[in-house]
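Shown next as structure tokens: one chain only, the form predicted alone.
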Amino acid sequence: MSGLIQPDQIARIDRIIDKYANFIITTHVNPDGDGLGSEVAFAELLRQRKKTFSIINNNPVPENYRFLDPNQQMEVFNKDRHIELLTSADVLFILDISDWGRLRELGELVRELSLKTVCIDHHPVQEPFADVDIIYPEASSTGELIYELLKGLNARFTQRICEAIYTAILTDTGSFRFTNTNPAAHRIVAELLEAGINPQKIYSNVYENQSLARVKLMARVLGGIQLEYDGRLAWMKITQQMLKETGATLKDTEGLADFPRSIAGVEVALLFMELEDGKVKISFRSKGNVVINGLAKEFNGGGHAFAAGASTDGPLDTVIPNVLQRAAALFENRPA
């Protein structure tokens, strides 16, 4: 199966793994199925190569992804506890993110150290990010790239690796319904199914394992959907008060931005979330006809053409009308 990653890139990663002994693996804040699945699969490669490694993230593993980490090997970053580990490590593999801002304090510390960095990601970037960048926005997910890499490095595809990669692709393609779902994703999944994974079990863990707090929050958020521009744009908001009243946390908000796209006539969906520090996180989603990463960039964000994000200074009641006003340009000269 031909892929996106070039043979010379695979050879370079092979040399890095062969040369060094101690590795750190990380992904973005509020990790999702793609980031976590990619971490697990890549960690298993290092295990097979008899390397020392640690998985360190800024946030705990969400409950619905804990099946990927049954032995609780994924650690939550703490500078005092991990600075010695990071200082002694040789290479940091950064998966599913190519934005230092979304690595928070861990990213800040890494940039202060002389740690060699390798990025494997499928989000578009404007300039080089790590010492070694393997970034292909054409990929359905970082999991797809990890699959290619492991194939090229002759990894043994254990059940753990197969389940991790399937989870990565499943979640980042929205169960194979988003526009990033490509032929390669289906070919890879077919191979994983032939290897004996249980797709129903993985789906149940990811999507049928929600907390009551998340369901209560979802009801509040979806009940507050507003439509603009003749029903072509739908937006929702999550306030700190809503989180408090439902008992939900930030991890309970994953995937909520996608729901309004199921409304007939809606082309663009926006989710505004008030953060504890007063900033506002904005999720931008499109059905595939309207490119929205340009709008995200106007608010210090970015991402894919049809799925992007941003974080900007609040307050929420000021940010919402500003973004909605700028969003008008998305529908200019476009027939309804």
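All values derive from a computational prediction rather than experimental measurement. Each residue number is its position in the shown sequence, starting from 1.
We do not show the form predicted together with a small molecule, though everything after this point is about it.
- the small molecule contact at residue 102 in the predicted bound form, heavy atom, 4.5 Å: Within the cut-off, so yes.
- Residue contact check: residue 302 to the small molecule in the predicted bound form, 4.5 Å heavy atom: Looking in the predicted bound form, residue contacts with the small molecule include residue 302, since a heavy atom lies within 4.5 Å.
- Message: Within 4.5 Å, heavy atoms only: does residue 31 come near the small molecule in the predicted bound form?
- Response: Residue 31: no, not in contact with the small molecule in the predicted bound form.
- Message: Since only the chain is shown here, I'm wondering whether residue 281 would be in contact with the small molecule in the predicted bound form (any heavy atom pair within 4.5 Å).
- Response: Judged by the heavy-atom cut-off of 4.5 Å, residue 281 is in contact with the small molecule in the predicted bound form.
- Contact residue in the predicted bound form, chosen from 68, 269, 308, 56 - any heavy atom within 4.5 Å of the small molecule: Flagged contact: 308.
- Task: Would you mind picking out the stretch of 323 to 331, 18 to 26, 5 to 13, 309 to 317 that comes within 4.5 angstroms of the small molecule in the predicted bound form, counting non-hydrogen atoms?
- Result: Residues of 309 to 317 come within 4.5 Å of the partner.
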